[in-house]
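Let's start with one chain on its own, the form predicted on its own, as structure tokens.
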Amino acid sequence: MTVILEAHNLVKSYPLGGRSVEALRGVSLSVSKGEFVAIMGSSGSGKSTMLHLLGGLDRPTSGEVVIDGVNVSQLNDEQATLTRRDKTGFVFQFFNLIPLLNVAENVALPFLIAGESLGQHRQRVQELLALVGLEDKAAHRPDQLSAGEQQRVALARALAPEPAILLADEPTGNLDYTTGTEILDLIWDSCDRLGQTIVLVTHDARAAAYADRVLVVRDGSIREEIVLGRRRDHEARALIARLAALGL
């Protein structure tokens, strides 16, 4: 399979009280095109730092990240910004929608930032709103939506430019159980039906159980890899998650 994302010996250090603290310690990984990988760990394990480096939101102290054949670590700030815009989509815990834009405009934001109009991409926006079940909310503002609907908009926006990889940082962390399950189903669907490559960071075993592969992070290092494979049986996934939560 084609490798779409690679990390080689990533180290990230921060100054703290006159000394250097390592948030990541020599992390290496690869993700294939169309694969769904979860990075799971407790708070402070280094999982979010890893995601920020993988997506080009931050630079490693040492090591390198290659996204769809582009070595992001060797780019200047402007080049890194353009690569991030063109090759990655992000879904965050707190949605990050623009309150003055309606739903359709928020979904089209990657195009608007690139200097293109909503009209040029109206069909793509309509397709994505249909995918996330919000075709009747295109003219609504974010404050007229529920939290789950806002996260659906955020997911559609992340998928809009057909990124090489979708990066999700605790996308269900601000949602109730039922709504969170709906979002996880949509993320899984985008991988299964659209062939989208996904890296999801979570502390929740239930969310991690949706992935093809789970990387368990502790103390800034990948300590374990769990291969689940592509499953469609949600009850089986729920059981896996329940056992994982119990440490079994």
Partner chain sequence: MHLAALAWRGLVARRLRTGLTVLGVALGVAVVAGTLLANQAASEAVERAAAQLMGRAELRVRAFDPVGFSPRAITTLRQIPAVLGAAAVAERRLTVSTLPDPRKEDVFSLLLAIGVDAKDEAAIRTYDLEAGAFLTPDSPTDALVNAAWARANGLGLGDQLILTGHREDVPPVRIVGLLGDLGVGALSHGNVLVMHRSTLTTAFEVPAPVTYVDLQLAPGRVEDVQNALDRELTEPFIVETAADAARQLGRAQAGFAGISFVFGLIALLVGAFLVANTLAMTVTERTREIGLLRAAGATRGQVRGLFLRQGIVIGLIGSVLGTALGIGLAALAIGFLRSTRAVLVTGLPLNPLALGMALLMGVAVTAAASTIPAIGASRVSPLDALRSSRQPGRGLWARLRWIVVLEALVLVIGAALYPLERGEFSPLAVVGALAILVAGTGATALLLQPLARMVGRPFEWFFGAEGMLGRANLGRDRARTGLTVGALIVALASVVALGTITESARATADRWVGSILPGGYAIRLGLPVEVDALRSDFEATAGAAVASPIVEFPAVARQGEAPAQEASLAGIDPNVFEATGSLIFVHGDRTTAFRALRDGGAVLVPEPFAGDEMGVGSIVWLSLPGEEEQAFTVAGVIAYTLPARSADGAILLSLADAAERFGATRSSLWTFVPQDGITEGAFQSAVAGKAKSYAGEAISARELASDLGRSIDRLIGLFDVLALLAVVIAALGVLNTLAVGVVERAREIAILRSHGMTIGQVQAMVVSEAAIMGAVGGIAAVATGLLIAWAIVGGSTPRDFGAGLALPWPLLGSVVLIGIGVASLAGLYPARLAARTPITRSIQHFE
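Treat the numbers as computed from the prediction; the structure is a model and nothing was measured. Residue numbers count along the first chain shown, from 1.
Note that the form predicted together with the partner chain isn't included here; everything after this is about it.
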Q: Answer yes if any heavy atom of Arg213 is within 4.5 Å of a heavy atom of the partner chain in the predicted bound form; otherwise answer no.
A: no
Q | Distance check, Leu109 to the partner chain in the predicted bound form, heavy atom within 4.5 Å | A | yes
Q. Counting only non-hydrogen atoms and a 4.5 angstroms cut-off, does Gly119 reach the partner chain in the predicted bound form?
A. no
Q) At the 4.5 Å heavy atom threshold, is Ala130 in contact with the partner chain in the predicted bound form? A) no
Q: Could you tell me which stretch in 201-209, 219-227, 54-62, 27-35 has residues with non-hydrogen atoms within 4.5 Å of the partner chain in the predicted bound form?
A: 54-62
Q) Which pick from Ser146, Thr81, Gln126, Gln74 sits with a heavy atom within 4.5 Å of the partner chain in the predicted bound form? A) Thr81
Q | in the predicted bound form, the one of Ala138, Leu101, Leu175, Ala164 near the partner chain [non-hydrogen atom within 4.5 angstroms] | A | Leu101
